[in-house]
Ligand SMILES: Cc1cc2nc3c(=O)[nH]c(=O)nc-3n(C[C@H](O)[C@H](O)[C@H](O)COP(=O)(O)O)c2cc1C
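The data below hold one chain only, encoded as structure tokens and taken in the form predicted on its own.
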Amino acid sequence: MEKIFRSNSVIQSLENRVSVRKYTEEEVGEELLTKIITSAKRAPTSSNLQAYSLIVVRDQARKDKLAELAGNQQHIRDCPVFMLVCADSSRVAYACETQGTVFHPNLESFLIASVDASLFGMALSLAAESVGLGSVMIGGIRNHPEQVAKLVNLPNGSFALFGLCVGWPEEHPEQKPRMETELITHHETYDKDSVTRLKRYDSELAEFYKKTGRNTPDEAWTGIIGKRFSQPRRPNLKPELENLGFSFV
């Protein structure tokens, strides 16, 4: 079995992946990028809706503005290619229009588009990393969804779910520890007592941060997450997404 694992490129790519934020100046060629995007289209999609779109951004001025909107993240400015993975229901609305019906967006259609886009985005990232490119996903692109939509001319019923920096890596960061498999895996029913194992993860993550020079509390996961999420995150998100054509009823 170990031999099978070692020879499996997908497993190896996933086990070795890290978020890369520093890139060389080498460009990512159009032919390579097109192949990566084309392969990612084979990601699962609900009812074949393919409710996602991708905006490829190379223009420096536009990357600079997107970096600003995402919280001044320098790697957006520096990467040769920045992509916006968008949840997109606009084509569904068009299909209804051509059939003389009306699309009624609701919470389910929002979730379908968000899940479709997430699966496509992960496939995109994995495909990029399989050929030696580095990438990092950018959730901060949801800070100002209306401004982002206007900047890249998104249609009604579409918003940028997350961004993806892509480029040839200039760094190879050490892997950040993940929660142990037994903590996130449950058999038959959910083991609610499994959360007590977070103490071990707190210690492991604290040790990692210490080695990388980051000053964090000993409770390096529960301490940080418990404070960060003690207040509502992006309270502007719901009204802005409603302005962009989404519904949550």
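Note that the structure is a prediction, hence the values are computed from the model and not measured. Start at 1 with the first residue shown and count on from there.
Note that the form predicted together with this ligand isn't included here; everything after this is about it.
Identify whether this ligand in the predicted complex is within 4.5 Å of every residue in the set Gln73, Val136 and Lys176, based on non-hydrogen atoms. Every residue of the candidate spot has a heavy atom within 4.5 Å of this ligand in the predicted complex.
I need the one stretch from 52-60, 176-184, 218-226, 34-42 whose residues put non-hydrogen atoms within 4.5 angstroms of this ligand in the predicted complex. Every other range fails; the passing one is 176-184.
According to a 4.5 angstroms non-hydrogen atom cut-off, is Arg17 in contact with this ligand in the predicted complex? Arg17 belongs to the contact set for this ligand.
With the cut-off set at 4.5 Å between non-hydrogen atoms, does Gly140 touch this ligand in the predicted complex? Because a heavy atom of Gly140 falls inside 4.5 Å of this ligand in the predicted complex, the answer is yes.
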